[in-house]
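Quick heads-up: the C-alpha cells below are two forms of one chain, split into structure 1 and structure 2.
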Structure 1
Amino acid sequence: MTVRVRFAPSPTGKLHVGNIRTTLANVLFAKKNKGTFVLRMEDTDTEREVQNAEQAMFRDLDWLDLTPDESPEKGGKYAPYRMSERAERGDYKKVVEHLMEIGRAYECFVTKDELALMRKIQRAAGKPPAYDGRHRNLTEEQKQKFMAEGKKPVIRFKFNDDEQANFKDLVRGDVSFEVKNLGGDPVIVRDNGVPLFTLAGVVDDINQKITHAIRGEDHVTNTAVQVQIFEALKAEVPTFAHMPMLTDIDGTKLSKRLDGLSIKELREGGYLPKAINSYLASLGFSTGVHIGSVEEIAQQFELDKMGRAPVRFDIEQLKRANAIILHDMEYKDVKPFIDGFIPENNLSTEKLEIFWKSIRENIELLTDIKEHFDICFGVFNGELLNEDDVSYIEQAVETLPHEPYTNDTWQKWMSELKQVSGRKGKSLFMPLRVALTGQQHGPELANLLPVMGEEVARNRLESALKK
C-alpha cells in the first residue's frame, strides 16, 4: 500500500505557522515513506472564501519547498482537487443518496433558531448541547407539512448511538469515543444542498485513496464523527495523527498574533524557508533542531515520537535557526532570497560575494543585510571622532593604499600606520573602524576594506575629519 496523505485547507485565509506545521508533517511523512502528498482545497463554504487565497497558498508552499505532488494546480490521478468541482460532478450527492437508502441519513426540518433554543435549554440544565434526534423518524406526512410551511430540510447522518468510534492515531495511540456524546446526528448537507466538510472530507479521502490523515488536534472530535461515516460506507478508516496545537509563547491561546504570523510576514521579515521548516519540524520532539533541507529532515522525522502537549511557538528559536543557516551560506545559495533585502545596485557579483562573506556571520535575518550594505556602500550616521584622533586620521588619509585591494592590503596599511603614528592595539584600529563604518562593532575591517574600495574609504576618512 502506498502512503497517500493530504493537506486540505479552506481558501479562507493565509498560510501561517500553525497550518504550515501540519502541512510539513504531511510532507515529511510522505517523503519518509516514499508516498504521495496531495493538496485538496476544501472550498464548500463559499461565504467565507477569500479572493486569491488559493493562489497565495500555492506560492507559499512553493517558496517553502513543500510543493504538493497532486493539487488543483498540478492535477493528478484523482483530480479534481477542489471540493467545489467534486460537488459539481455529483460525488457527494451520490453518497448522500446511498446513505439515505440504507437508513443512515435523513431529512431534518429543525430550524437554526429552534436548535439554538434547544442548546440553550440543555446547557442551562447542565447537559451537553446536542441535537436530540427529534426528526429521525419523520413520516411522509410530517415532511410534507414542513415543506408546505416553506421549510427546507438539512440532511443529517444517523449515528449508531450505542457504538464507540475507534481509530488509530500515530501520536495519541488508540483513540475511542462514545458515539452518544459526540453531539448528536451531524448535519452533512446544508439546506441549500451544499455538503459539509464532515461528509465531503470522508468521501474525498475514500476516492482519493488517502491512507493517513495528519491534521491538528482541533479535529479529534471531527475524526470520531467521520469514523462513523467511513464505517457506514463500509470504507477502510485511514490512520490518523492529530498534532497538538501551537500556542503563544506564554502558553495561552492559539492567538491572533500566531495566526497573524503568516508565511508572507516571515518571508518579509527575513526568514529562510529552511529555518522555518527545520524549526517547525523539531517542535514536539526531543532531538533539537536538525537543520536541513526538506528531504534531509524527512529522514529524521518520526511522527510516533511526537509529544501530546500543546507547543509554544518561540520566534527566538526560529531566529536562531535562521542565523545558524545564514552564517555559513554561500552567496550563490542566498542570492535567490535576497531580493528586496539588498538595495538596488550595480556591483559586480564578485564584489557582492566578498561583501556577503564578510558580513554573513554578523547577521541573523536577511533584513540585517541592509545596515551592513549601507555601511559598505551607502550613507550612514556614524559616531563622532574623538578630538585626539583627528591627527591620527589625517595620517591615515595620507597613507591609505591605492587600489587594487587584496586580502592583505589592510595588513600592510596597518604596519605602515603603526610606524607613522606610533599607535598600536585598540587605539590603532578603533578610530579607523569608527571613521570607516561609523560604529564600534562590525565585521573585520581587513575584509571590509576591499569591499569598500579606495574611493569610499577615502571619502569616509575625510568626512570624518570634517565633522
Structure 2
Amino acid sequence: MTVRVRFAPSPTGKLHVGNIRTTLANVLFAKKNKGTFVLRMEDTDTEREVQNAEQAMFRDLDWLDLTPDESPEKGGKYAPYRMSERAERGDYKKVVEHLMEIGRAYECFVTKDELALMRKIQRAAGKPPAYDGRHRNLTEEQKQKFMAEGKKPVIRFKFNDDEQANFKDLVRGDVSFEVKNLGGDPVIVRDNGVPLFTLAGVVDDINQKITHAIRGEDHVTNTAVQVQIFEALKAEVPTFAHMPMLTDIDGTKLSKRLDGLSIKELREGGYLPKAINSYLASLGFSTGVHIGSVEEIAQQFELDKMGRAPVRFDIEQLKRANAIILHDMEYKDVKPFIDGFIPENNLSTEKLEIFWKSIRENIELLTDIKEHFDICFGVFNGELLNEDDVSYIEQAVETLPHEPYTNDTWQKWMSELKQVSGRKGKSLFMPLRVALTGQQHGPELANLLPVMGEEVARNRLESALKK
C-alpha cells in the first residue's frame, strides 16, 4: 500500500502554527513511509474566502519546505484539487443521489428557529442537544407542502442508530462511539446545494485514495460521523491520527492570538523554517526539540509515540531553537533568508561573510541583524566619552593598525595600547567599545574590527573625540 495523506485548508485566512503543525505531521509521515502528500482546498465557503489566500498558502508551504506532491498548483493524478471544481464536476452530487437511493440520506426542512427550539427543550430536560430525526420519513406530499411554503431543504445523512462507529487511531488507539450519541443525523448538503466538509471530505478521500488522515483532536467526533459515511459507501476507512490540541503557554486556546502566530508574521519576525518545523515537530513528545531539516525530522517522527495531553506553544522555546540554528549557520546558508533584514549595500560577499560570522552568535532572530549592521556600517550616533577617556582615545587613534585586518589585529592593538596607556581590563576595552559602536554591549570587538575596517574605525574614533 502506498501511503497517501492530505491537508485540506480553507482559503479564508493565513496559515498559522496550528495549521502548520498538522501539515508538518502529514508531510513527515509521508516522507517516513515514502508516501505522497496531497494539498487540496476546501474553497466552497465563498462568503469567508479571502482574496489571494490560496496563493499565500502555497508560498508559505514552499518557504517551510513543505511543498505538496499534488495540489491545485502542481496538479496530479487525482485532480482537480479544489472542492469547488470537484463540486462543479458533480462528484458530490452523484454520491448524494446514491445515498438517497439506498435510503441513507434524505431532505430535511426543519428551520434554524425550529432547531434552536428543539435544542432548548432538550437542554431543559437535561438531555444533550441533538437533531431528533423528525423529517427522516417525509412523504412526497409533505415535501411539496414545505416547498410551497418557500422552505429549502438541507440533505441529512441517515445514521444507523443502533451501530457503533469504530476506527483505528495511531495516537489514541482503537476508538469507538455509540452512533446514537453523535448528535443526530448530520447535515451533509446545505440548503444552497453546497456540500459540507462532513460529506465532501469523505468523497475526496475515497476518490484521491487517501490512506491516512492526520488532523487535530477536535475532529474526533467528526471522524466518527464520517466513518458511518465511508461504510455506507462501502469504501475502505482510512487510518486516522488525532493529534493533541495546541494551546497557549498558559493552557488557554491559541486561537485568540493566531494572527500573530501566522507563518507570514513569523517569517517577517525573523524566524527560520527549520526552527518552526523542528519546534512544532517536537510538541507532544517527551524527547525535546530535535533540530534538523524536514527529511531529518521525518526519520525520527513516530505518531504512535505522541502523547494525548494538550501541548503548549511557547514562543520563547521557538526563539531559542531559532537562535541555536542561527549560531551555526554559514553565510551561504542564511543568505536566502536575509532579504529585508539587511540594508541594501555595496559590500562584497567576502565582507558580508565576515560580518555574518562576527554577529551570528549574538542574535536570536533575523530582525536582530539590522542593529549590528548599523553598528558596523550605519550612521554613527555614539555615546559621549568620559573626560578621563579622551587622551586614551587619542592614543588609540595613534596606534590603530593599518589594514589588512585579521582576527589577531584586535589583540595586537590591545597589547600595544596596554603598554602605552597603562590601562587594563574594562578600562582598556570599554571606552573603545563605546567609541567604535556607540554601545556598551554587543559582539566581540575582535570580530567587529575586521568587518569595520581601518577607515570606519578611524573615523569613529575621531568622531568620538570631536563630541
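For clarity, a rigid core is taken as the largest C-alpha set superposing within 1.5 Å between two forms. These numbers were taken from a predicted model, which means no experiment stands behind them. By convention here, residues take numbers in order along the sequence of structure 1, the first being 1.
K.L.:
Identify which of the two structures, 1 or 2, is the form predicted alone.
P.N.:
Structure 2, not 1.
K.L.:
Residue 406: how big is its Cα shift between the two structures, in Å, with the core superposed?
P.N.:
Superposing on the rigid core gives a C-alpha shift of 2.9 Å for residue 406.
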